[in-house]
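This document starts with one chain, in the form predicted on its own, laid out as structure tokens.
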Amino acid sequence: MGGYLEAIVRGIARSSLLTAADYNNLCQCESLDDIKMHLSATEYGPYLQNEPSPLHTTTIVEKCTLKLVDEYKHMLCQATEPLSTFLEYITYGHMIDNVVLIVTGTLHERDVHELLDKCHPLGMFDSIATLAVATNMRELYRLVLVDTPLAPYFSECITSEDLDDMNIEIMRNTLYKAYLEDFNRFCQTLGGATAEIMSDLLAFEADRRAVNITINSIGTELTRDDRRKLYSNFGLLYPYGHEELAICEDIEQVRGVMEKYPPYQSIFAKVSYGESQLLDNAFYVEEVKRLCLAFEQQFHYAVFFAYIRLREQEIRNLMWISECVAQNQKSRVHDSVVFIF
């Protein structure tokens, strides 16, 4: 079952994730060098120790992400089936984001090497640099993606339409829908606590994406039917919530739909009328609660998913704190920090 690896991950999660005290100290920092000095006493220390001053936020985020990648690779090397396949599934979301980043950047005539530097290291694959040659979905699939794990998810995306910003965003959400449904099916085949906990975590992800798709498509050319097609076919909102979200025309109507579902009432209660930018943060707070609960049960794979997601949230926290310090916006430093454990 991968008991050794599970024990390692549980130990790392409890001992090395930053605590509320760490965040309070980081929020007091006056410069990025102060942040580096505080992080030197944590497991991020070795990754930042050789970085010269002046530091940049991107450097801090890059080095902290490198630690996450090293931990992930260690887990993958030690894992046997079916855990190794489960761990690979976790990276597919980053692969989709990287594909979209490269294709969008190429469309706007950005340099491919510059774009590759911005890609998430967990979502890299061998032929990613050649994405720049594709002009439509069919070419993108035939030339590049047919040999990647994303190939099965492209069946609904393959059209001969030229790539533009709208098509690319639809492609991202169609790929994510297929990925989440496939990951959920795989977790159900594992059964037991893994299936139970992952079902809840992936359903939450599917519902959050449904809300974001709805809000982001208000006032665009996307039809109600097209919007509905982008929602995943599982989750707490499936199917009746999806029917209602598909016809929403402003954020207050979205709020009205979501307040019918008790787990999401508290999220929308925290967001004042018209403050949609706080919604992402409210979703992150709820997600962290659910991820921490995954550690309460024993002998399942969801702890690996939860640990990687918690590390990613920690990196988002560090990026927010670093940006606030660098831009001298100390008054806003607590706004988007989500405490873990």
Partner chain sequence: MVDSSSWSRALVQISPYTFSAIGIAISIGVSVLGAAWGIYITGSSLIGAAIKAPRITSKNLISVIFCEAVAIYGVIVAIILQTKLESVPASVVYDAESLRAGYAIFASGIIVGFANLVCGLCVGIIGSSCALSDAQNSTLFVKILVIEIFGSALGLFGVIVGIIMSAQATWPAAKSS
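Keep in mind the model is a prediction, meaning the values are calculated, not measured. Numbering follows the first chain given and starts at 1.
Missing here is the form predicted together with its partner chain; even so, the following discussion is about that form.
**Student:** Using 4.5 Å between non-hydrogen atoms, is Ile8 touching its partner chain in the predicted complex?
**Tutor:** Contact check for Ile8: yes, within 4.5 Å of its partner chain in the predicted complex.
**Student:** If you check in the predicted complex, is Ile12 within 4.5 Å of its partner chain, heavy atoms only?
**Tutor:** Ile12: contacts its partner chain in the predicted complex.
**Student:** With a cut-off of 4.5 Å between heavy atoms, is Thr58 one of the residues that contacts its partner chain in the predicted complex?
**Tutor:** Result no; Thr58 lies far from its partner chain in the predicted complex.
**Student:** Could you tell me if Glu62 has a non-hydrogen atom within 4.5 Å of its partner chain in the predicted complex?
**Tutor:** Taking the distances in the predicted complex, the answer for Glu62 is no, it never comes within 4.5 Å of its partner chain.
**Student:** Just to confirm the contact call: exactly one of 27-35, 47-55, 294-302, 280-288 touches its partner chain in the predicted complex at a 4.5 Å heavy atom cutoff, so which is it?
**Tutor:** It is 294-302 that comes within 4.5 Å of the partner.
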